[in-house]
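One chain comes next, on its own, written out as C-alpha cells in the form predicted alone.
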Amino acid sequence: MIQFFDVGKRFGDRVALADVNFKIPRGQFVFLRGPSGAGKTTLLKLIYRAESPSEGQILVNGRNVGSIPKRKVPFLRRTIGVVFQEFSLIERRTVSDNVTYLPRILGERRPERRRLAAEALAKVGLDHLQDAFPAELSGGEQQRVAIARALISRPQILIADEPTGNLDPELSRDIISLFFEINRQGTTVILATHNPSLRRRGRDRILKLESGRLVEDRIMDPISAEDIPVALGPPDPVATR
C-alpha cells in the first residue's frame, strides 16, 4: 500500500530524510517514533504529497506520488485522512460543519452533509454533538471531531501527526484506543509520536527515525511483547505508474 524506495528530502542544505526504505501493507498499524526534529512530519507529508521527495520514489496504492500532477493531488488525498496535533476547528462553525468541510467544498447538499457528519461522528462516539460548537467541547472531544473530519471521505489510510500531544495521559489513552478501533475496521493507520510510553498492541509495527534516518523497523510480538526486528533493506521493486 505504501512503499518508500531510497527516499531522501532536503530543505536547502539541511537533510530532513536520507535513504529511507520501508513497505507498509494494507491494514497495518504503524507507530512512527523518534525525537522532535527526527523527520517524522516530513515523512508523513511526503505520503500525502504536501512535500515531494528530493531523491527516491514513494508509491501509494501503486502510484508514484512524486510524479502526480498538482491538479490530481486532491484525488490522492481523498484516500488519505490526516489528523494533526492542533485540532484546527473553526470556532464559529458547528461540529457538523467542521466535519463536513471537504464535502461542502465538493458541492454536497446540506442533507447529504448532515448524513455524512452523523456517520463520521458515530465512529468517534460524538454523533449526539453535531450541533455543538468547539468551545463547548473538551480537548479530547475536539480531537475526536478532528478525527471524524479525517474519516469523512472513508479513507484507506489514516495519518496522525502527534495526535495526543495536547492531551493528558488519560485522554491520550482514549484517543489511541479510538485509532486501534479504526484500524480494526480495516483502515491502515500511521501514527507519529515522540512519546514511547503510548499504549501498543501485539503485532503493531514500530518505525523509528533518528536524524532523518530509519534506524529501527520492529513488530511487537503478541506473546512475549518483545520487539521482532524487520530488515531495513529496500523493499522488493515493483512496477510504477
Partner chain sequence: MTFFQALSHFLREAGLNLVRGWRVSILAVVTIAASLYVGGVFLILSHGISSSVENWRGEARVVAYLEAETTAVRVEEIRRRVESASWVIGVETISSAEASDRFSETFPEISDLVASQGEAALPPSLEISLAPDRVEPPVLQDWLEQLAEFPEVAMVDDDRRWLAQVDVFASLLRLLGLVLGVVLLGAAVFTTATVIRLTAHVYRREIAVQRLVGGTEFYIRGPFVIEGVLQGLLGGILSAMAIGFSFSLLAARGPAQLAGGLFALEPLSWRLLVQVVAVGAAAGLLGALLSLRREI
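Positions refer to the first chain, counted from 1. Since the model is a prediction, treat every value here as computed from it, not as a measurement.
What comes next is about the form predicted together with the partner chain, which is not displayed.
Chemist: If you check in the model of the complex, is residue 128 within 4.5 Å of the partner chain, heavy atoms only?
Modeler: Although the partner chain is absent here, residue 128 would stay clear of it in the model of the complex, with no heavy atoms inside 4.5 Å.
Chemist: Can any non-hydrogen atom of residue 144 be found within 4.5 angstroms of the partner chain in the model of the complex?
Modeler: Answer no; every heavy atom of residue 144 is more than 4.5 Å from the partner chain in the model of the complex.
Chemist: Taking the shortest heavy atom distance, is residue 120 within 4.5 Å of the partner chain in the model of the complex?
Modeler: Residue-level check for residue 120: no, no contact with the partner chain.
Chemist: Considering non-hydrogen atoms and a 4.5 Å limit, does the partner chain approach residue 48 in the model of the complex?
Modeler: Flag for residue 48 set to yes.
Chemist: Between 118 to 154 and the partner chain in the model of the complex, list the residues on our side with a heavy atom within 4.5 Å.
Modeler: The stretch touches the partner through 149 alone.
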